[in-house]
Structures are given as structure tokens and as C-alpha cells.
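Next up: a single chain in C-alpha cells, the form predicted alone.
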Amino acid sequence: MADLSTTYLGLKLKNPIIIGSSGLTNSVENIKEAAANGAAAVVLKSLFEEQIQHAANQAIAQNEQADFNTEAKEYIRNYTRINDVDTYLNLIRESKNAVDIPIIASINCVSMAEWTEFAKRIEAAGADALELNIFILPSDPHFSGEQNEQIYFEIINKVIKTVKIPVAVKISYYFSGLAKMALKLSWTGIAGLVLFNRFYSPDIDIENFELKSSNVFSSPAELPISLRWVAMLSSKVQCDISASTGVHDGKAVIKELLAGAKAVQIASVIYKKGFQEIGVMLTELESWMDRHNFASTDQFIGKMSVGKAENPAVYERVQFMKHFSGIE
């Protein structure tokens, strides 16, 4: 039998499939089901910096005395914060006791505040690694690209100095110099980059004049975005890469590994088809490896990256030509 194992963030995984941070990883029951169906690791649903603040503000708004007592406001804020944090830490502890696969905690952060101390507590609770999901929306015209990017490094440097567990950073492709940014991020001492995070997308209900969300789940059509950048960056950055977004079947897993990913994160396909789809994807991966005489994933990870592909120009091409697209 083919050896499907891989190493990501210094963690030995039995195969490359990780359940990405989502509602799927917000309960011990789901995590147990994911492990039973073959998942090699899970990234817990993120605790949002803004979620903590919003919960505290809601609690204050419901307290009749809050407007008259500064001490009461601070008490409610602290209680709400501690309650959310303790719930999350309990999820880490209970998950570690329930399954024998790595548990990766996740923080969705937009500033330097709050998270240093919380990262310590995540480590103490037993998390095997920590994923920082960082995206600074470049919507303020008074901030330059360099100023927005500096926030990433400030967050990372604070956390890296605080914990000993491996840290991964989940980023977007919204950088004017993505390749250089990814390289600089890898120099900070992080163990991995996750390409890419997925955002809330607004839409407008034109009949009811309301804002709503759209494109909640990824589609296979989104795969080429991460595939291109995994292939272009995997041989350049000084850390592991995990691919995310658009992976809906075993073929997509294989493609991302060939491009240079050490692991692949999935979520939308599990929402649509259930945890049993993990086994289907692993069977497809193993069958493909047997068919091409690969005894282990090490033998083909990165085989089709920019540094090794016979025609790397395909990854660089951004305009359609018949020669590249096969379409007149």
C-alpha cells in the first residue's frame, strides 16, 4: 500500500487532508467524526477578535446599569472575554482527549491587541499548533500598503515570541507583491503558510433593500488561484505550504501536492457531501499513487512546482492565448 503520510508544521500527518477552520470543527462530536473518516488533522473554528468585542458590547447593552457604572462595564467585558476564551480552551482539551490526530487552534485577528496572552493559553491547553488567520482589508485610503502589511509582522512577531508550538499564517492573495510578502512572512520563523483564506462576500437583495452574504461555499472553479501560487511559492518560501479553497475531490488534492503543498485543507465539500467524502478523496489519492508507482507522497510533492515543471511559463501566463488556453 502507498504511504500517504506527510509532514506539515513539523507534525507527522497520516495523510495530507486537514479539515479547515469552520463550523465543522466547532464541536468535539464533529472532530471525532472527522478523525473516524480519515482526516489527518483539524483546524478548530477561529475565535474572532471582533467576536469577543461584539459579545462584550452586547452584554453591556443588555445591562441597565452599564451606562452609569464604568466598573460594571469593565466587569461584563472581562467576564464575556474570559467565558469565550475558556469555552475555546475547553474545546482544545476535550478534542485532544477524544482523538489522536493533531489539533490546530485558530485565531482570526485584525490587530495586535489581546492575542499574545491568549496564544499562551492555547499552548497550555494542549494545541499542537496555532493558525493565525490574518486579513487587513485595505479599505482605509489613509493607510498605505506598507502600513497594512506591517500589521501582519507585528502580530506574527508577538505570537512567535510567546509560544513554542508551530505557528502557521493564513493569508489572502490581495497583496501588490504577493511573492515578496510570502517570502518575508516565511522569514519571521513561522512554520507554515496557508494559501488562501476565504472571506465573507456581501451581496444586495434588490427587492428588500438588504445586505446579505453570498458565495458562502467555495467551488472547484476557485482551485486554480491557490494552485498557481502554491506552485510558484513552494520552492521559494522557508516554511511549509498548505493549500486551501477550491479542493472538492481527490484530483484537486493530487494537483495541490504536485504543485508543492505539504497538506490540503477542505471544508466546503464536507458541508455538501459529509465527512465520508474524506475517505473517497483518500482512495482516489492512493489509487493514483499506485497507478503511477509512487510509494510515498515525498516522491511527488512539488514535482509540478515552478522549479521543477517542464513548462513553468504556464503559471506565469495571465492573458489568454490559444497556445496556452486551447481556446480560439
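Note that residue numbering begins at 1 and tracks the sequence as displayed. Owing to the predicted nature of the structure, the values given are computational and were not obtained by experimental measurement.
What comes next is about the form predicted together with a small molecule, which does not appear here.
- Val216 is the sole member of Ile204, Ala179, Leu137, Val216 with a non-hydrogen atom within 4.5 Å of the small molecule in the predicted complex.
- Picking from 95-103, 152-160, 244-252, 227-235 the stretch near the small molecule in the predicted complex, with a 4.5 Å limit on heavy atoms, gives 244-252.
- Within this chain, Asn15 is remote from the site of the small molecule in the predicted complex, having no heavy atom within 4.5 Å.
- Interface residue remark: Gly307 is not counted as part of the site for the small molecule in the predicted complex, having no heavy atom within 4.5 Å.
- Residue contact with the small molecule in the predicted complex: Gly23 places a heavy atom within 4.5 Å of it.
- The small molecule is not drawn, but in the predicted complex it has no heavy atom within 4.5 Å of Phe118.
- Candidate site formed by Phe48, Asn133 and Ile266: every one of these residues places a non-hydrogen atom within 4.5 angstroms of the small molecule in the predicted complex.
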